[in-house]
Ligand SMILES: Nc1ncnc2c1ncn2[C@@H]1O[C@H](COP(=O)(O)OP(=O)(O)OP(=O)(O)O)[C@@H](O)[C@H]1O
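A single chain, nothing else alongside it, follows as structure tokens in the form predicted alone.
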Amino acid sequence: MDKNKIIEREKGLAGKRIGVFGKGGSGKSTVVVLLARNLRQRGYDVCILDADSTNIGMPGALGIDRAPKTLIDYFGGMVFSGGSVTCPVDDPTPLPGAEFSLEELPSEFYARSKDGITLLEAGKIGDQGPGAGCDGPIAKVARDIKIRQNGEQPVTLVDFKAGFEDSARGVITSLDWAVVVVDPTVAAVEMAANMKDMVRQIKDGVLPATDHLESPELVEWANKIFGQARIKGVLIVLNNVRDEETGEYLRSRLAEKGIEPVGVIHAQTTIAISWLKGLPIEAPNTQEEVSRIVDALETAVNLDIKT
């Protein structure tokens, strides 16, 4: 067998874009950090794209002492503030120049943790001023950015904002896989089911709503982006599970919707304290749990390659 193909199979997640979703408070950013660390331990180049427009804690969670400048600024600012980055709902056309190598990007627009995880921030709305509360342009950056690192294709983990809105904007069309984090709440279970259904519809060729678009060209772009969607499926991860009874109840509720979680991360006080103090996430005793989730991702990708 060709040596390059052996390496590719051993690192099947290289070059994949994995979006992490969840309701507010589900712990999706925690899951992103834990997945990134595990992937680095396996030898992957890893890039986190922070696409949560309101959460400002990711640099501290990774042990990075400065937040990088946002990619919204790099691409000229949001259209609502006189910039050039538009909302994908109103303007589905691709973001120009969104595929690039980190070597081409000025160093102030990314940061790197001590364990070699690269962090980019799509944008934040907290500093945009009154009337700039729509973060659609940030979703477009998250949808379109594709990153190379030293000529290699890293695993890109995209940390989306809480809720379902970005999914409805079409960000999942450019992902390979979606991970939904389910905490012990009814809302989280319903979001997992909704995400699974949305991905099924996209894979079945259901096209987006376009009645609001002003030109046939924009309609064509919207249909093209959804028609060429690369999303393969959805994996569900349980998080912040405090006891076996809670875990079993969540599994039974998800089973009713035809969903089986690929892993569970149990509640740890140290994680909450890390977020409270803005310190690197401390999560002892989660290595096996997180490894099972990454194993499931690698298995899903390898099965997809075979088929």
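All values reported here derive from a predicted model rather than from experimental measurement. The first residue of the sequence shown is number 1, and the count goes up from there.
This next part talks about the form predicted in complex with this ligand, which is not shown.
Screening I265, L39, L250, L49 for any heavy atom within 4.5 Å of this ligand in the predicted bound form leaves a single hit, I265. Note that among 22-30, 41-49, 255-263, 62-70, the stretch whose heavy atoms approach this ligand to within 4.5 Å in the predicted bound form is 22-30. Taking the partner from the other structure, this ligand in the predicted bound form has no heavy atom within 4.5 Å of any heavy atom of L279. When contacts are judged by a 4.5 Å heavy atom cut-off, V219 does not count as touching this ligand in the predicted bound form. For the chain shown alone, I271 is a contact residue for this ligand in the predicted bound form, at least one non-hydrogen atom being within 4.5 angstroms.
Mapping the unseen interface onto this chain, T246 falls outside it, with no heavy atom inside 4.5 Å of this ligand in the predicted bound form.
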